[in-house]
Structure formats: structure tokens, C-alpha cells
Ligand code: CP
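Below you'll find only one chain, the form predicted alone, shown as C-alpha cells.
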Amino acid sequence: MSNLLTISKYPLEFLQHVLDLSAYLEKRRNVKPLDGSTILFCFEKPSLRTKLATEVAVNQLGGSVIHISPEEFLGGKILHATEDAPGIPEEREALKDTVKNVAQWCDGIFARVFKHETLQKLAAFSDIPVVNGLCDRHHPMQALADLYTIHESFRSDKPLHITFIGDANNVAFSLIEIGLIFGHHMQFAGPMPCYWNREQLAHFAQLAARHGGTFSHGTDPLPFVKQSDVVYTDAFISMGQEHEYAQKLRHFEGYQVNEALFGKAPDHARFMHCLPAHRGLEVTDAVIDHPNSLVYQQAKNRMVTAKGVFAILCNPEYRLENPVPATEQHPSSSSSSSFKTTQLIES
């Protein structure tokens, strides 16, 4: 059994295998590793790219998707008033019972939830793979697509300087994780009220030491931008934090990626944003529509990397010690990768 809840639970070799397999499957539409498989989608938060791109990926791999509401799947409330039935629990059904039933009908669960703990509970009860479509702490599917896009754009084995500007949120966390695992120079600039805590900073330092990357951080984006190959930003206010809008927004004055700031980056620097973007807030039109902007390419690659993830997790044949042919590997491939994925799956 295997799940994808976070990035750092996996070693470089497995993540590289996902990228290589994604590229391989995207070029071969006749290969159907999910033929006959059904993936359950459950989303507590709105979604366009995550939901649509992943559903297209599953369909192209020969699988099918069933959407279910959180009320039906994640322990929805009972239908009668509790004051009329004292002692009756509020939950319509225990989550364990729900998941055990779903596992008899479906081959995987793809969930976007408010709390990471919900995914952990699903994984603990489930007999089928659980994939994180976004939670409050992590966004592994976005990180895989982002790194795929970066490597596809630069096609270089050299470490890159990747700078994230803005909120210390789930997108930034997973991006920094995967960048450090691949040995890149990760940089973060954001206001102190919206900064990493000590535990998170220690986690990044450990990843950097283990994999050979570097992690630099501070409150001034300009020094980082000047040496950036990639400048990345995201919405200043994450989903579920709308009630903090006015309070948080005042912290981000000076962190907008505009023409003046992006103009300080090297000419070859790319701009990235996971979308949806609030044009005129965290980024200006001139930057997001810049010739060096990768925002639509990284959105498209959400579909590409979803193929690798679900093929590996839901089809045992793709977890065998059987590397993707060298000619089909992604540009980010390392010649030292072993691709012994049977020993690398997170349980």
C-alpha cells in the first residue's frame, strides 16, 4: 500500500521516477496503466487545475473518476437535530467505516482538505492509495508539476536558484522541500508575521544538508531576486484564510512581484505562480504575462505529473525495478538514479 501525502517522505530516486514516468506516459497515449481503475475525488476546497488536470490524467490513463461531496464522504453530519436525539453523535458515520467501504469499490482516493490530519486519518484507515490534492500544510502535486516545469524549461543538470516571495504557505513548503531534495538553491523572502516557524526552518536545513542543496531566507526579496533563475509567488491569502484578509494583506506591502522587482532578476529568469493569481495584488499583469512566464506551462504539467503519480501508486507493475528507458527520461534525470521503486514507496 502507498500514499502521497507529503514530498519529503520520498527520496530523490522515487521523485525522479515520477517525473520520468510522467514524461513517458504523456508521450504514449496508448499506454493505459489505469485501465479498469476508479479514483474517488473528494474536495473540501474549490479547485480548477488540481481537479480538472488530474481527472483528465486519470481518464487518459484508462481510468475513471467518481466525485463525492465531503458531506457524503468525510463523516457528514446526521440528518436529525441533536437536541431531539440526545447522546447521538454528530457524525453521520465513522470515517473508518466510510473509508473501508470505499476501498472495496475504488482503487484510489484523491482528496483536497482543510486539515492535513484528515488525510492522515484517511491513510490510516484506507486499503487503497490516498493522494493529497492540497491541505493546510502541503501541496505535493503542485510541487511535482513545478519541478517538472522548471527542469523542462532549463534542461540543465546544474543547481538552480529558485526564489519564493510571499506567504510561508503550503505551496511554498512543498516547493522548497522538492527543490532541496533535488539539490537546488532554494530562497524565501516574506514578512515576519507570515514566516516559517523554527521547526519548519530546521526541517529545511536538514533537507539541504542531506541532499546538497541550500536554503536561504529573509525579509528582503531584492537580494534573492538578483540571483534567481526562477521567481515564484502565490496568493498572499490562502483558501480558508479569507477571514484574515485585511489583517494579513497589510503585511505584504513591498512583496508584489512587479516590473521593478522582476526587472532586477537575470534576463533568463522565469516567473512562476501556481494560480489562481490575483492580478494587481501579488503580481502585476506585465510579469504574469511576461515572455519568461511559465504559469500556463506549469498548469498544463499538473496533468502530466498526475499521470506518473497515479500510475505508480495504483498499478503494481509501475513499482517494479524497471527503469523508464533512458531515451524517455525527463530532462531532470540523474544518471545515478536507480529507480528501485519497490523499496521506496511510502507506506
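In this text, residue numbers run from 1 along the sequence as written. Note that the structure is predicted; figures quoted are calculated from it, not measured.
Beyond what is shown, the protein has a form predicted together with the ligand; the following relates to that form.
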(request) Would you please decide whether Ala286 lies within 4.5 angstroms of the ligand in the predicted bound form, comparing each non-hydrogen atom pair? (result) no
(request) Give a yes/no on whether Pro316 approaches the ligand to within 4.5 Å in the predicted bound form, heavy atoms considered. (result) no
(message) Taking the ligand as it sits in the predicted bound form, is Val31 in contact with it (heavy atom to heavy atom, 4.5 Å or less)?
(response) no
(message) in the predicted bound form, does Thr50 come within 4.5 Å of the ligand, counting heavy atoms only?
(response) yes
(message) To test your reading of this chain, name the stretch in 149-157, 213-221, 197-205, 272-280 whose heavy atoms come within 4.5 Å of the ligand in the predicted bound form.
(response) 272-280
(message) Residue by residue through 117-149, which ones have a non-hydrogen atom no more than 4.5 angstroms from the ligand in the predicted bound form?
(response) His139, Gln142
